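First, one chain by itself in structure tokens, the form predicted on its own.
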């Protein structure tokens, strides 16, 4: 572990001593504090309660390279990665963790897009200083600190007050592992102004056959009367690993709708934090994970009710086959002053093979007495009676299993509102079902 920290310290010192870093004193100070935290906490092990079932130490034993900001040519590969409806979308492209403005397309004048360095040196300096790294209040581990310590080539997005962004924002996180194993660390900070609206869609893709590890952090600040729809789609290569942190801070009465779809990857960890810091905030969290092979998926969610009269609803469903393993750890906090809170959480899992496994741990920590909160989880196999019913109607066993799993996933898929993205995910699920069932 000490060797890893020493190796990263060499890279960090070079970053801090670069001319760009000296010019951006705000980011340099943030990075230094984060690296100090990383040096203290290190890489999480099984002794870290939040990482008990997800071992990522082996990822750092690989010859992961810190990519230089010399971006490879991926124009041809990007065409195959683009999401449906991209012709009418704002497209932000990260390559090996760096925002690539030449490959990105901004179609909405109401959407301000800057590099993190530009935002930290300009009129948004105070905002960057206040909110960059806010997720570390809830994720006290070395992985989150590592991303902040190496913040470089990130992006700052601002949706102007009173604006509804007509074009959705597609964010492509691309890792080029054609010539070497890569450690990519994309970073973004998003500010949704008062009474503003936006749709955000994120995807992850690895090019090449070498190992890749993406350690990504996105922090979103929502002002009064804002509305955000956020969709995360993970269907990367089986040799690609990911730790993705998405942190929503609702500073005013606002509405949040999130859907996380995870279909492939070696080790995948999703951290989703929703902080309801104002009265009458509302948040909906939906997730579907469908894993096969020897993949591992870990969903960690936090819903923190800080003020009264807030509502949150959370439903995650998992389908695991072969030797895949899953983790769900959902926490709901209700602070002493957060009276009249309504918070619901449910996690349901179906195991399609004897070798598949899942560890689920929904949690409530309630410090107020006038609330409505519930949580629950289930782990099981397909209903044999329902399967028999379908087969008695002349449906083959494979088709019957296909229909039952498809119906199980439908509760999540129906919450994907943009039509092109809905159709795209439906197709991915159908292909996955055909591969595993038919």
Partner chain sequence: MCYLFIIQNRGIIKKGSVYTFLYKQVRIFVAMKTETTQLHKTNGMKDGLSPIENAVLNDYKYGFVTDIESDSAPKGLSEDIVRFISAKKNEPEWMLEWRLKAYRHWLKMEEPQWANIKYPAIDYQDIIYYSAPKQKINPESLDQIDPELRRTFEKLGISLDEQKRLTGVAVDAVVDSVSIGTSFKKQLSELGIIFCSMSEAIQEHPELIKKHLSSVVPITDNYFAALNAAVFSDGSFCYIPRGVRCPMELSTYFRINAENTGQFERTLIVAEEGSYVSYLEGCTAPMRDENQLHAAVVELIAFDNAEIKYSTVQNWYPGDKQGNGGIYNFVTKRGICQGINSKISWTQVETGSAITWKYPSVILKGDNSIGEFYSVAVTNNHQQADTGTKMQHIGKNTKSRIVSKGISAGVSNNSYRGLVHVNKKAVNARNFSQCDSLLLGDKCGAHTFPYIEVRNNTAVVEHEATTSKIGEDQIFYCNQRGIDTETAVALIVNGFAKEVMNQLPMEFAVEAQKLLAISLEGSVG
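As the structure is a computational prediction, the values presented were derived from the model and not from experiment. Positions refer to the first chain, counted from 1.
Keep in mind that the form predicted together with its partner chain is not shown, yet the notes after this line are about it.
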*Work out which of 252, 362, 292, 308 lies within 4.5 Å of its partner chain in the model of the complex, going by heavy atoms.*
362
_Only one of 238, 195, 353, 104 gets a heavy atom within 4.5 Å of its partner chain in the model of the complex. Which one?_
353
*asked:* Given that its partner chain is not shown alongside this chain, does residue 367 nevertheless sit within 4.5 Å of it in the model of the complex, heavy atom to heavy atom?
replied: yes
*Is there any non-hydrogen atom of residue 406 lying within 4.5 Å of its partner chain in the model of the complex?*
no
*Classify residue 65 as contacting or not contacting its partner chain in the model of the complex by the rule of any non-hydrogen atom within 4.5 angstroms, answering yes or no.*
no
_Any non-hydrogen atom of residue 40 within 4.5 angstroms of its partner chain in the model of the complex_ = no
*Which single stretch, out of 56 to 64, 370 to 378, 30 to 38, 388 to 396, brings residue heavy atoms within 4.5 Å of its partner chain in the model of the complex?*
370 to 378
_Stretch 48 to 63: residues contacting its partner chain in the model of the complex, 4.5 Å heavy atom cut-off_ = 49, 52, 53
